[in-house]
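Listed next as structure tokens: two forms of one protein chain, kept apart as structure 1 and structure 2.
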Structure 1
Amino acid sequence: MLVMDNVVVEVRDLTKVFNGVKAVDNISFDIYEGEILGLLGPNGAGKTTIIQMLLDVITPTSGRIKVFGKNLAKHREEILSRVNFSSAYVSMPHSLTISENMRFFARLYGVRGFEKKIDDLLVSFGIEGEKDRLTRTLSSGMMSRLYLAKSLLNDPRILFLDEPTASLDPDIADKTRRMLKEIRERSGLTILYTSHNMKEMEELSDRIIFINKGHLVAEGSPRDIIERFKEDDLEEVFLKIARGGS
């Protein structure tokens, strides 16, 4: 059972305004060491915007983010060296092969002895036989596996995953979930995870924060949230909130 006593990400009163519209509206939450936290909500709810602020890709309009007890804006380089991410919405250089892309990012992250690390990750995601293929020739599923392999190159302490299994077939998606759980159990990896697969969210998440229209509307374990909304499963909760239920 996860013991939630060490906060590694602290978010307070986080707000982001785009052209007068609040994409994220005064949200506060914590992420604990070794936790898999599900970030759930309909399209446009603010999930990707939150992750981008946690990665310091975009600057909050107001609020505070602390990671490993330090202010993200003031200690950006130090913090991000211990963090990584995978997203269905980020691309890699298409003129490079899988192997070249992995070596590029390994050097960028300062990974030592990266050749064996790369080989091991490509085997883990079942793409070792494709390492000489140009990235532009890959299917969406293969690209998703490459993004995930890239995200583990620097042995991150925190991993942000934005719909990482969206393009994977059920078999590879299941293997990916199992591998993430194994890494968490082995190394204490902390994961923030978004997905529109409600079964996946129930299976993976220790805790869920549910946002809608930029507001935090529910927080707790998957079972707690299901019981609070008096529904049979997380998908029914999602539909109720997305369609305007309280």
Structure 2
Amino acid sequence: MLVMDNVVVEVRDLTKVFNGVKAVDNISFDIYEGEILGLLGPNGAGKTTIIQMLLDVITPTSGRIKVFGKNLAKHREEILSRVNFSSAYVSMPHSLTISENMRFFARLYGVRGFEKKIDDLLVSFGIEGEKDRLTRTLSSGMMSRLYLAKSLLNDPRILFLDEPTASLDPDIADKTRRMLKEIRERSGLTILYTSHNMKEMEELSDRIIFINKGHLVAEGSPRDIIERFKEDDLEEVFLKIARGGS
């Protein structure tokens, strides 16, 4: 089903040093069109730093990032208009209603004829009935659906998700994962997401990049990685890596 030939993101020798500490240490990888790639690693491994360098909100110390075959820093505007981002760690203006927020982001991304687009997205995430509610009054489940709806407004070709399920209870986290899978099936979207939840990674990812202390320690399908480390599941691998250093 997955044709792994079209590279949409190319990362080479990426390094980020914060105050003399290497948060990301000489990492290289590719992201292929249409795949769900999981960036897995313990807290402080460097996942967020990598994602934010891919979105040009953190400047790398060294290394090269190409998105859609183009240098990110040089073609920032063009590239960022074709990707999107969401995270449990950002929010949205809470004094705006759902539809005001959606219109705001639609304008920001220059979406044409956005009223229809917004309606469609709200319907597909089942929050069309709430569109006049203030964002601050939403339950965390609705909130996460709103964030996902926002991140699909510009029909992105790549979705960057930093711990999208971090603040959700297991039920809503599970629903979110199912929505992500559905979106991918429907639109062939490429997704890069981070998590330290092993079960989530096994369930959702076509491929995993395992990082620890800024280093890339393993790369492959969940099954490949489990076999390579001769463990029973990803969790065992994770513990082995996280405790044994890299």
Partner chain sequence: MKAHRIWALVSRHLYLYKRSLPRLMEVFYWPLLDLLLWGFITIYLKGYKENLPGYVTFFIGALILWDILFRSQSGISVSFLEEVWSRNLLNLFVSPLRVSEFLISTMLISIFKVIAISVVSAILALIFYSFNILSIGISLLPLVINLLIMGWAIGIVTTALILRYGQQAEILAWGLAFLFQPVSAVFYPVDVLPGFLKVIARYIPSSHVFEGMRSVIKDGRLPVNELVWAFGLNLVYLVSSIIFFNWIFKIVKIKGSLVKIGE
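The term rigid core refers to the maximal set of C-alpha atoms that superpose within 1.5 Å between the two forms. When a residue number appears, read it as a position in the sequence of structure 1, where counting begins at 1. Please read these numbers as outputs of a predicted model, since none were measured by experiment.
Here the chain taken from the form predicted in complex with its partner chain appears as structure 2, while structure 1 comes from elsewhere. The two forms, fitted on the rigid core, differ between the two structures by less than 2 Å at the CA of Gly63. Relative to the superposed core, Gly188 undergoes a C-alpha shift of no less than 2 Å between the two structures. Once the cores line up, the CA of Ala73 ends up less than 2 angstroms apart between the two structures.
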